[in-house]
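The chain below stands alone, shown as structure tokens; this is the form predicted on its own.
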Amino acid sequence: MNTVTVSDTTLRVEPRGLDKIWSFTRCLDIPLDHVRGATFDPGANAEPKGIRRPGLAVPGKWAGTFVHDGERSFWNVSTPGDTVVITLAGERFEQLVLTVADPRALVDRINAAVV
């Protein structure tokens, strides 16, 4: 699970608890002008993730950096039905794939902030 906050200028993603260890990430701060948008995607876990480097990949849990077709993504998904995909530009990750408590509300908040 993740805590995601949206300020006037920044999107902050903080993995919670052991997810910090499994994802090798304490916090990601992304300038809002590098965020292209967000979608609620409960089927994202079925997509190919690519090569894990570094992170955790066990059935039902993906955390860390994955590289697929030359694109780098950050995953921290443990409840696939509550998955949000955030598309980025000009960052080390092309997308963030995250489990959050209220995915539809987060998607609305992010998309309203980047318009």
Partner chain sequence: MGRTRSFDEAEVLGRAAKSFLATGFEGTSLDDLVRSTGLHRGSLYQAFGSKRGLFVAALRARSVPAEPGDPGREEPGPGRGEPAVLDLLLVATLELAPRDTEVRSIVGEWLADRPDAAVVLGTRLLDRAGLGAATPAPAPVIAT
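Since the model is a prediction, treat every value here as computed from it, not as a measurement. Numbering follows the first chain given and starts at 1.
The same protein has a further form, the form predicted together with its partner chain, not shown here; the description that follows concerns it.
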Which one of Gly81, Pro31, Gly37, Pro54 is close to its partner chain in the model of the complex, taking close to mean a heavy atom within 4.5 Å? Gly37
When the contact criterion is heavy atoms within 4.5 Å, does Val67 count as touching its partner chain in the model of the complex? no
Heavy atoms within 4.5 Å of its partner chain in the model of the complex: does Arg92 have any? no
Even though its partner chain is not shown here, does Arg16 get within 4.5 Å of it in the model of the complex, heavy atoms only? no
Exercise: Gly60 in contact with its partner chain in the model of the complex, heavy atom 4.5 Å: no
Those residues of 101-115 which, in the model of the complex, come within 4.5 Å of its partner chain by heavy atom: Arg104, Asp108, Asn111, Val115
